[in-house]
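Just the one chain here, laid out as structure tokens, in the form predicted on its own.
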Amino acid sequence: MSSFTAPKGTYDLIPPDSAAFTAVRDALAAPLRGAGYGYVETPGFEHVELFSRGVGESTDIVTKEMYTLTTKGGTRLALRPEGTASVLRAALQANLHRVGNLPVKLWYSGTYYRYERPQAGRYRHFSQVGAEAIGAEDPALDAELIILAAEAHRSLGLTGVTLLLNSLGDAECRPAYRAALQAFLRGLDLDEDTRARIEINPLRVLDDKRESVRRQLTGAPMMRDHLCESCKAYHEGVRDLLREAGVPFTDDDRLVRGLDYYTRTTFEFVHGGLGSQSAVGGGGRYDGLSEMIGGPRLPSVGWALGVDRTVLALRAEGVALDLPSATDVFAVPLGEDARRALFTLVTELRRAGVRADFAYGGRGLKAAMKAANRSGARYAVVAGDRDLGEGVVQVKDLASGEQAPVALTGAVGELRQRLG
């Protein structure tokens, strides 16, 4: 055992658990690939200012949770705590909004970092699949992304996910709501940090999870009562499209989420089997973010779905994913000539698209067959000097125990046919 362990709040993703994470990541991304979203990958760290401007200087993410560092040259960098700001920065830097049709549709997958208090479902590094549609203001685009996320959950067999939906208004109607909310919040019994937040971004107080705060929010003014006609019509457009697509949702007037850049459509996917960390993903519209980070006006919408949380949701529902075996064929050589012959066969099988492995290390027959069974392979291919002299290998069905000779020259075709 190593004298080192993974840092607190992190974890190693290793087989067999890693197979479920990979399958979930692929399932979350699959609907995006079929809807015109192209893959983007950004650095694991960015300039601190990208997140302080975009995510919001008053958010817990920026004030308490970002991992920051200073380079030898004095540049301040941060490990990325979320994906949207980085993806938008990359799109602007590459001028994708100028060279392609709008919206620019991108998806991504990666690991993100926040200095959280570790607990079940909340880690200091976590994996997400995200999607961003940049440069268009259309209720159909908001609905499309929500539907694609719902389809991803459905494809995994999840039934306990609930979609929460809200509108946060825009630059026209939010100022009046902000003033009304501030007036209400100033009259509450709140700690100093929360009172400071009232002056910077009062909507964030609605996202406070502490019961001592939440019980005082009864009677707080709601954004729905302050939406301008344009925002009302936009929100109804999103809701109508979701209904027509058969995607159920629950209106949640207090849904704010933890990032400052959201406008209009805001949504979250939650699962009742995850305890206090119930969110499995979420997102919304962020029409002003491009301007916040120095770009042109580019109304946009996006989401991020947690791979870690989705795996926990599957476990909570008892959903077992249909994961392919890592190995279909396991080769067991008996003797040096057989080692060379079967190693060549394994290479040919892999080139033919068959998952194949080999008994390395000169194991005896008994140990090698145990390894074949542990690998999950459907067939073992065994050969010794006598078999090679006859130009055959022995193919054994590891489930039934049946074994029969197969011509070495036709073994690849025979095994592919048996595997379907």
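Model, not experiment: these values are computed from the prediction. Residue positions are given as counts along the sequence shown, with the first one as 1.
Below, we turn to the form predicted together with a small molecule, even though it does not appear here.
Original post:
Using 4.5 Å between non-hydrogen atoms, is Glu116 touching the small molecule in the predicted bound form?
Top reply: Looking in the predicted bound form, residue contacts with the small molecule include Glu116, since a heavy atom lies within 4.5 Å.
Original post:
Taking heavy atoms only, is Arg122 within 4.5 angstroms of the small molecule in the predicted bound form?
Top reply: Result yes; Arg122 sits at the interface with the small molecule in the predicted bound form.
Original post:
Does the 4.5 Å heavy atom contact test between Ala131 and the small molecule in the predicted bound form come out positive?
Top reply: Yes, Ala131 is a contact residue.
**OP:** Mark Leu92 yes when one of its heavy atoms lies within 4.5 Å of a heavy atom of the small molecule in the predicted bound form, and no otherwise.
**Re:** It does not: once the small molecule is placed as it appears in the predicted bound form, Leu92 has no heavy atom within 4.5 Å of it.
Subject >> Answer range among 290-298, 159-167, 277-285, 238-246 for contact with the small molecule, defined in the predicted bound form as heavy atoms within 4.5 Å >> reply: Selected range: 277-285.
Original post:
Between the options Ile146, Leu255, Leu314, Ala304, which residue brings a heavy atom to within 4.5 Å of the small molecule in the predicted bound form?
Top reply: In short, Ala304.
Subject >> Heavy atom within 4.5 Å of the small molecule in the predicted bound form - residue from Arg309, Lys105, Arg264, Arg80 >> reply: Of the candidates Arg309, Lys105, Arg264, Arg80, Arg309 is the one lying within 4.5 Å of the small molecule in the predicted bound form.
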